[in-house]
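Presented below, as structure tokens, is a lone chain in the form predicted on its own.
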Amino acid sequence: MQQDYDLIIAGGGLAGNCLALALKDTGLRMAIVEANTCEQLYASPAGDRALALAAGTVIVLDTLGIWKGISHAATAIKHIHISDRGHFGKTRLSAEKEHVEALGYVISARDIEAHVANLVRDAHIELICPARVVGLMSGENEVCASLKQGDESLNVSAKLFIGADGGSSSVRKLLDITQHTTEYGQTALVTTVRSTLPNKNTAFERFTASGPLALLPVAKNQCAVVWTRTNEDAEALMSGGEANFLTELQQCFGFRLGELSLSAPIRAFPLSLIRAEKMVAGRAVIIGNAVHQLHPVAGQGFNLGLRDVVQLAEMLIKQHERNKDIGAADFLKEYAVSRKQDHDWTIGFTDAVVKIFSNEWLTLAVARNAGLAFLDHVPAAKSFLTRHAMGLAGHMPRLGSNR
């Protein structure tokens, strides 16, 4: 029986669109289903987020033909300065010492999302939008999806259905996939500040008792701020006015960049660790934030999601070239197994950093500061940490050279 498509991707955000671009020249018949219009996506407050792109991620974006269109909007991270407020420990990472141009780059989510969406449109990939997925049923040879477009209902079929529709994934819910949530009791306060002193392309990660504070370079005298506070502290800061917020921020960060001033609205995002119990159900698979949502402390959320995309795209290309079923149970199980180690390591590392650096227990404070000092004085250990931060430590899947 002929299906309407080979695969349907639910979600026209970064994960779904990047997957479509990776598959655009394969001959696979595909469509993207997106619930929001382009205008709604562009106007979303989430677009204000600063994304830290690991060096390995930039390599993938370049392979997909994305990087050349956004590189002008990205700021290179040439140095990373890690410190623990009120303690002696610190470590510094350098692109020069790793013999690379940059350790990573910073770009606004809106800039990259808009460009990727334009590339999908230019590639003439079918977009069903705005439309919601309201039903899914897997059979022996196909998966049937019920869509709602305004007042109209639409039924479509495919060999494979992919849920790339974010943290509140309707696909995950329709597949009845359980998710495990760890509440951190923290909120990320996100804004942009100007500084009287240049940042010299340095990303600062400063750990405090209430959570980490990151300042990421976005211009010579401008940094994106991701400040994690307890929910109570964040609420007080949001309601206390801009002057009070700046005073608290300056006190927390210090004067390494001189005096700070706000150059963007302050937005608040509650933080939790969310991980789906499984990635596959029937002829459907979920990827990106539909599977995992991480604390922003290590900036690994988008990087991990893109690795999901690359691994799935590479496996789909090989499966299709062999004329094998891209929705077969054994194939999807192989994909899930291939992603487990990376998920376990990245999620475990991020969760451990949050717990180790978000308290003032004396024993732990001494241990973590000794660790930071050790890293700063042992080149091999520092290089190991730097390669992981860059996404070049061996767990970044590669799209084949035929792409």
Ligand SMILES: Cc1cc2nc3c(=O)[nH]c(=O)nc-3n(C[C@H](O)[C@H](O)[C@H](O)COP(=O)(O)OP(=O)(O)OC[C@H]3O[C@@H](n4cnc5c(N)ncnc54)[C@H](O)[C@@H]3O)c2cc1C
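The numbering used is simple: start at 1 and walk along the sequence shown. As the structure is a computational prediction, the values presented were derived from the model and not from experiment.
Omitted from view is the form predicted together with this ligand, to which the following refers.
Novice: Has each of 5, 127 and 327 got a heavy atom lying within 4.5 angstroms of this ligand in the predicted complex?
Specialist: Answer is no for this spot.
Novice: Among 164 to 172, 312 to 320, 96 to 104, 248 to 256, mark the stretch whose residues have heavy atoms within 4.5 Å of this ligand in the predicted complex.
Specialist: Contact criterion met by 164 to 172 only.
Novice: Pick from 204, 269, 184, 331: which has a non-hydrogen atom within 4.5 Å of this ligand in the predicted complex?
Specialist: Comparing distances to this ligand in the predicted complex, the residue within 4.5 Å is 269.
Novice: Between the options 215, 82, 145, 188, which residue brings a heavy atom to within 4.5 Å of this ligand in the predicted complex?
Specialist: Exactly one residue meets the criterion: 188.
Novice: Contact with this ligand in the predicted complex for residue 301, defined as at least one heavy atom pair within 4.5 Å: yes or no?
Specialist: Residue 301: contacts this ligand in the predicted complex.
Novice: Would residue 36 count as touching this ligand in the predicted complex under a 4.5 Å heavy atom rule?
Specialist: Taking the distances in the predicted complex, the answer for residue 36 is yes, it comes within 4.5 Å of this ligand.
Novice: Would residue 50 count as a contact of this ligand in the predicted complex, using a 4.5 angstroms cut-off between non-hydrogen atoms?
Specialist: It does: once this ligand is placed as it appears in the predicted complex, residue 50 has a heavy atom within 4.5 Å of it.
Novice: May I ask you to state whether residue 133 is within 4.5 Å of this ligand in the predicted complex, using heavy atom distances?
Specialist: Looking in the predicted complex, residue contacts with this ligand include residue 133, since a heavy atom lies within 4.5 Å.
Novice: Quick one: which residues from 145 to 161 get a non-hydrogen atom within 4.5 Å of this ligand in the predicted complex?
Specialist: Residues within 4.5 Å: none.
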